[in-house]
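Structure 1 and structure 2, given next as structure tokens, are two forms of the same protein chain, each shown alone.
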Structure 1
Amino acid sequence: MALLEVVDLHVGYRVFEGYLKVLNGVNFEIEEQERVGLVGETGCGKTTLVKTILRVLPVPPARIQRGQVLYHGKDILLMSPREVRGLRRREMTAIFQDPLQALNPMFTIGTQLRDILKDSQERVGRGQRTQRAITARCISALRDTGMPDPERIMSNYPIQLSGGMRQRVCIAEALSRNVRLLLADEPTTNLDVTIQDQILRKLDQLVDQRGASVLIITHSMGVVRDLTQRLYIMYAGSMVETGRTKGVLASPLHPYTQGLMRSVPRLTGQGISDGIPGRIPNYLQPPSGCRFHPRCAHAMPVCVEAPPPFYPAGDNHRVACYLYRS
């Protein structure tokens, strides 16, 4: 059984103009101790997916229409708030895009880290020994991320730290307790290029030491190649291709992935300019069938009718495209 399995997930947002059908039947899974990459244009629904898994989606405006998020076979979407909290404390956690917004400006780093450890344990002693042990664990969690002078950082407030240091704090927060799964949503997008690489390698090393699984969402093919074993390509609310990272990068099968590889490796800007004509679809009235069909050079009549399921394409490689119906 997979550690995490998302089955046919449909999530949308109710906004002033109408209903945005964002996630459109997402299927994906992560095995124990697996490192999985997720790549997709901006706005394709990556953060929505992570927030749904962790049950922190703002509902409303968001609405989970249907689907399952199975953790060890148990549906997170059906869990009680109490079970969900237990899950976040001991099983899975996340790091998000913007480290400048991710820390509470009113409290010191030490306070925020200590509270996480206190609340992640079943029982916390009130004695001085326990308190000192917690502080020591916070300091070593900070040191593990490569943070200079962690003792001093404990009594600092977020505004006293640079973006890179704050992201290290976020990593320390996420990995201070032994979770089984880390969802890293573009953990370095807003950082200096020089620090990005350093932090990602540190993150990778820490996840490795703990034997945890990780989902790394990124716009960088370089990061994916270096740090992940398996890769998902996402387009407009669903997964279009998955397989071993090396395999997918070497021989992309889905027309969208092929366009992606031809374009620049970084997808942050205005969509994919030279690779694929057209823009990501409008979620108010998304294209029927395969959402990529208006931009696809191979589109066939069947593509307009129903979303294509995953078709196997050898060596763990699967593609959601009618070209591979065989």
Structure 2
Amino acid sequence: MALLEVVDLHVGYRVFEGYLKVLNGVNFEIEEQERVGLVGETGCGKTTLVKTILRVLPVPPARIQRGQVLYHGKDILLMSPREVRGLRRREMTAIFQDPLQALNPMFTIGTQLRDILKDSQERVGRGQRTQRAITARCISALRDTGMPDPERIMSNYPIQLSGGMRQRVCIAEALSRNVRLLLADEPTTNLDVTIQDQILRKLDQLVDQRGASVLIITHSMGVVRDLTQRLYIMYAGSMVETGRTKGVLASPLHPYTQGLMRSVPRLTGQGISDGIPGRIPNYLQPPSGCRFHPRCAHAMPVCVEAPPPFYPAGDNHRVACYLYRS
């Protein structure tokens, strides 16, 4: 049984203009102690997916039409609020890309980190959750992210920190607890390039030490290549390709994945790619069938009629494209 399994998930938002049909039958899974990558353009529904898994999606305006989010076989969407709080305290956590939404401006960093540890009900130190042991653990988590002078940072408010420092605090919040599943939504967006690799490798090391699973959401093919075992490609609320990370990156099959790979900047003097023609569809009136067909050079009449299922392409590689039906 998979640690986490998402089955036929449909999620949208009620807005003034109408109803945005964002997640369109999403299916994916994460095994125990597995590193999974999720790649897609901005606006394709990645953050909506993470918030749905954690049950922090605002309902309304959001609406979960149908689907399941199974954690150890139990549907999170059917859990009571008390069960969900327990799940977020001890089993899973997330690092979001906007630290200003994750941190409370009214409390110091130390207060927020200590409250998270107390709320998780973990035993700190020698069987006693003493204030001193909790504070030491919070400082250690900050230091693990490369935060300068973590003792001083504990007394600061979020507004006193730079964007990169706030992001490191959010990473420290996740690292301060021993959870089984970490959902990292662009965890290094606000960090300098020089520190991104250090943070990601530290995150990978800690996940490995604790035997946790991780979902890394990113725009960087380099990040998923180095840090994940399996990869999902997402377009406009639908999964279009999945497989072993190295296999997908070495032999991309879906026209969208191929376009993403052509868009990766190269240092070989080949110039800048033209990218993928067109734009992500309007979720108010998304295209019928395969949502990528208006931008696809290989579109066929069947692509307009019905969404393609996943077709096997060998070695755990699957692609949702009619080009590969037998």
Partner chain sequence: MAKFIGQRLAQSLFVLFGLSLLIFFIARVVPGDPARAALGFLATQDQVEKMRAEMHLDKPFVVQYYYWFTGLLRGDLGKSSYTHRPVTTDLGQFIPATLELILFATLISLTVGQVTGVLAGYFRNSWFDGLSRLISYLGIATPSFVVAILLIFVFSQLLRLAPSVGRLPIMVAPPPTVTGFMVLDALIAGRVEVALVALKHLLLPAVSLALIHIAQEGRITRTSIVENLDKDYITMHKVHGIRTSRLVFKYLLRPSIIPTVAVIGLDFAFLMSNAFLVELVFMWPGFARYAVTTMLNKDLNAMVAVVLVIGVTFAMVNLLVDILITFLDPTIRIQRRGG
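Throughout, residue numbering runs from 1 along the sequence of structure 1. Rigid core here is just the name for the largest C-alpha set that superposes within 1.5 Å across the two forms. Note that this is a predicted model, so its numbers are computed, not measured.
Between the two chain copies, the one drawn from the form predicted together with the partner chain is structure 1. Core-superposed comparison between structure 1 and structure 2: the Cα of Ser162 travels 2 Å or more.
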